[in-house]
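One chain comes next, on its own, written out as structure tokens in the form predicted on its own.
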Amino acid sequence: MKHSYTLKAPAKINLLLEIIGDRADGFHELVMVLQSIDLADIVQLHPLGGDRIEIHCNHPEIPCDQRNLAYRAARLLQDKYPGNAGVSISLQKNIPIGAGLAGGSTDAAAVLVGLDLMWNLGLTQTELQDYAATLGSDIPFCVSGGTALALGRGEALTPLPDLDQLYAVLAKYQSLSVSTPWAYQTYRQQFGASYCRDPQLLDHRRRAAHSSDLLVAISHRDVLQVPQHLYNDLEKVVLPQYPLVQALRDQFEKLGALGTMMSGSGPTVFGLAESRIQAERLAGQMRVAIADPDLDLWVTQFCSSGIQLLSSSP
């Protein structure tokens, strides 16, 4: 008898996003530091007869068809390993959509992990991440989670020491979204002349990332130094175009966050704190400083793992 599985699918933020050049496949060559946070979706998988794939979601704006990354993840494994039962996938969305927090990617990662269990495929984490990379650049990281250096388009991962003693306050306007393709295309238009195109120099830049100030601070698990070395190239194009995002960043700085930055292509901005008490205080101060009902705030802790199995049942 096939079991049902319930999995926790954490969101992620970027602590570093540096664009160093173009790739032959059309993507950007990136150096990133990615971090899982305990703001998470809950993904439930239930076996179905036949080979049907069903998606159910508590958020009305999430597509429940082939456009959904979770559906595509299930279809990918079904095509690779035919003859297994169908699956009903229920998504409880707690991660805000269109926020640059990898909500869709982490749901897809949870489906890959859950179907590996349900269908007794016996896949290694590396094999799961290889499948994940064919679906999206963030999904391999979402499988393993924690703190990681990500190179290439984000799929070449090196685990880093855990930073799970840090907290973040996330701030996002409900009505505001930023197109990730627009952000990268605009960056290419404005800064493409400075891209590194020499393969040897690109390799040097990749290797140099390992000795960056941020990675040195992470290697020492220095929670006071890590926030001083946050960096995101996409802020150069997003902040001038979206003054509300800039205002969130400015307010976190004014209130004394340990560090603040836009995550990914935005529009979520985070401020860091050393404890939950400090993070709750920071969130309260943000609510007073920006008394806008359109602004959502979350207090969350860094976490040291990606997809987690919560329960299984016949």
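None of these values were measured; they are calculated from a predicted model. We number the residues from 1 along the sequence you see.
There is another form of the same protein, the form predicted in complex with cytidine-5'-monophosphate (C5P); it is not shown, and what comes next is about it.
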Worksheet item: in the predicted bound form, which of 28-36, 57-65, 41-49, 243-251 comes within 4.5 Å of cytidine-5'-monophosphate (C5P) (heavy atoms)?
Response: 28-36
Worksheet entry | Interface membership of Tyr231, cytidine-5'-monophosphate (C5P) in the predicted bound form, 4.5 Å heavy atom rule | no
Practice prompt. Verify the contact flag for Lys93: yes if a non-hydrogen atom of it lies within 4.5 Å of a non-hydrogen atom of cytidine-5'-monophosphate (C5P) in the predicted bound form, no if not.
Written response: no
Worksheet item: Hey, in the predicted bound form, does Thr180 get a heavy atom within 4.5 angstroms of cytidine-5'-monophosphate (C5P)?
Response: yes
Practice prompt. Answer yes if any heavy atom of Tyr81 is within 4.5 Å of a heavy atom of cytidine-5'-monophosphate (C5P) in the predicted bound form; otherwise answer no.
Written response: no
Fill in: Selected contact from Lys236, Arg75, Arg221, Arg153, since only one has a non-hydrogen atom within 4.5 angstroms of cytidine-5'-monophosphate (C5P) in the predicted bound form
Arg153
Practice prompt. Let me know the one among Gln225, Ser137, Ser212, Gln125 whose heavy atoms come within 4.5 Å of cytidine-5'-monophosphate (C5P) in the predicted bound form, would you?
Written response: Ser137
